[in-house]
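Take a look at this one chain, the form predicted alone, written out in structure tokens.
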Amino acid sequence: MLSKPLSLIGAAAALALTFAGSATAQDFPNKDKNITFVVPFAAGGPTDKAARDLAESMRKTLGANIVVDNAVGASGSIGANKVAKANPDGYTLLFFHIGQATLPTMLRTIPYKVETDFEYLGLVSENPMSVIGRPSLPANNMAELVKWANENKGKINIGNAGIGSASHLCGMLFQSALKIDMTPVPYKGTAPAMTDLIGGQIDLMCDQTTSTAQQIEGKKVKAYSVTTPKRLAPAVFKDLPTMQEAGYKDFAVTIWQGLYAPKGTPAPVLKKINDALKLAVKDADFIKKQESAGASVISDARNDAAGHKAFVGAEMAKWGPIIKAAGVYAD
């Protein structure tokens, strides 16, 4: 019997894969199969909350259950790597914040490549930061805080949710702006850091408004400033000056959140997910939940893959020199 030419066998195999991919895309999402949002941080934190709010909204469009998997560790790279190595079928997605742009510089080794191992689905929201202090801190406003910090050089502890976290990045910028070195105290998440700040074990923290709003409103911490160019609208923040108003004209930072799929996920699957994301950022309930915590929902070119990827590239270029200058690395 004559064997089939290798070229025909290869063509047949490629055709079979094409049809298989089309069938997978056409059937996506399977209503009996969960979509998983991998969040590289602990449950209860701001990234986790935003992911769960987004999952609830996107569920309405996709018609499939979306669950959150908190894959914690290595400053977020464990969760990111889990998605980078996942089956590219649209059922495992990464919900990650600014760390997607900063970890390649901050980590000495990283098991994936941000630029090539992911499909970019779009940015979702961005969270301002606020500078807060322990309730017993003698300073009652930003001017007094700067004076106190200058009088206590070498004695100040500034907490964060872990190396590479949003609060860690903001803390580095804060120290750089004031030109005062402080002792960073990393925790395994925002919650334990906030507990110690309230208890007076640490002096300061710069964290996302989604984490600080309730504590500020309850007067459990002292609030000094926000990190946006303009003051924030929610009542709990409206009386807080910006860092720029306090005299630090180049100090502006928000912590953005984005959604990613493994490289090679079929284009029709990506489109379905992206379409659901674009509807979610216009969902009144989702917008209300984000704004009530001081976050802003993104609704611009960054909701698309190209805009998202270009923005992440710009953020990598922005933060790389800052991190290198600080000399802070996570192993």
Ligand code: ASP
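Numbers for residues come from their place in the sequence shown, where the first is 1. Predicted model, so just to flag it, every value in this text is computed and none were measured.
Although not depicted, the form predicted in complex with ligand ASP is the subject of the following passage.
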TODO: Work out which of P184, G189, P88, P104 lies within 4.5 Å of ligand ASP in the model of the complex, going by heavy atoms.
DONE: G189
Open item on the list: For the interface check, one of 246-254, 232-240, 105-113, 204-212 should have non-hydrogen atoms within 4.5 Å of ligand ASP in the model of the complex; which one?
Closed with: 204-212
TODO: Give a yes or no for A161: in the model of the complex, does one of its heavy atoms lie within 4.5 Å of a heavy atom belonging to ligand ASP?
DONE: yes
Open item on the list: Check A166 for me: does it contact ligand ASP in the model of the complex (non-hydrogen atoms, 4.5 angstroms)?
Closed with: yes
Open item on the list: Given that ligand ASP is not shown alongside this chain, does P46 nevertheless sit within 4.5 Å of it in the model of the complex, heavy atom to heavy atom?
Closed with: yes
Open item on the list: Is F41 part of the interface with ligand ASP in the model of the complex - any heavy atom within 4.5 Å?
Closed with: yes
